[in-house]
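Before any questions on how it binds or moves, here is one chain, the form predicted on its own, in structure tokens.
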């Protein structure tokens, strides 16, 4: 559990940011020149998206979801009638999980976090949820969902995706990671994620037009 000072949301978030930046384990897992990453967005957001870990672009900029998958997530948010700045976006992990890399070379590719890594960073995610106090959480992908629902709590993401769960007293919708679409950008896959997001919009009491309800239904 992370103890935060009393005060308004920005004061508490600033204190949390300082704690994460100073965390010895987080710092030890970040390569020279790279950054520890905390979530970003509206501290009054109704919707909070949760991914697994920073990637190459994220550890450079110190912001989650800024690479290709992040650009697609931004488009998904816009499809919901919102701006990226009107939601909160975070990862469970505060650093990019390292892979063996030759000295002086950049890491190529990503690996999923281990159960231990997720367990270490989870209190910082809980603290972000406490500060933002969103109406709805959205887990993006299998690893993030494992972190929130419990390691080994399901075999395939399809077993839990598209249904309401609970984390920290908040309703949690599980859906696929945006990279799921990047690998094979079919309307069928887009529609699967979009149906999950329509449920999120309904739960967050966002207006939904008939046009939005019909996104990605064409063959």
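None of these values were measured; they are calculated from a predicted model. Numbering follows the first chain given and starts at 1.
This protein has a second form, the form predicted in complex with a small molecule, left out of what is shown; the following refers to that one.
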Stretch in contact, per heavy atom within 4.5 angstroms of the small molecule in the predicted complex, of 149 to 157, 188 to 196, 167 to 175, 49 to 57: 49 to 57
Taking any heavy atom pair closer than or equal to 4.5 Å as contact, tell me whether residue 64 reaches the small molecule in the predicted complex. yes
Is there a heavy atom of residue 91 no more than 4.5 Å from a heavy atom of the small molecule in the predicted complex? yes
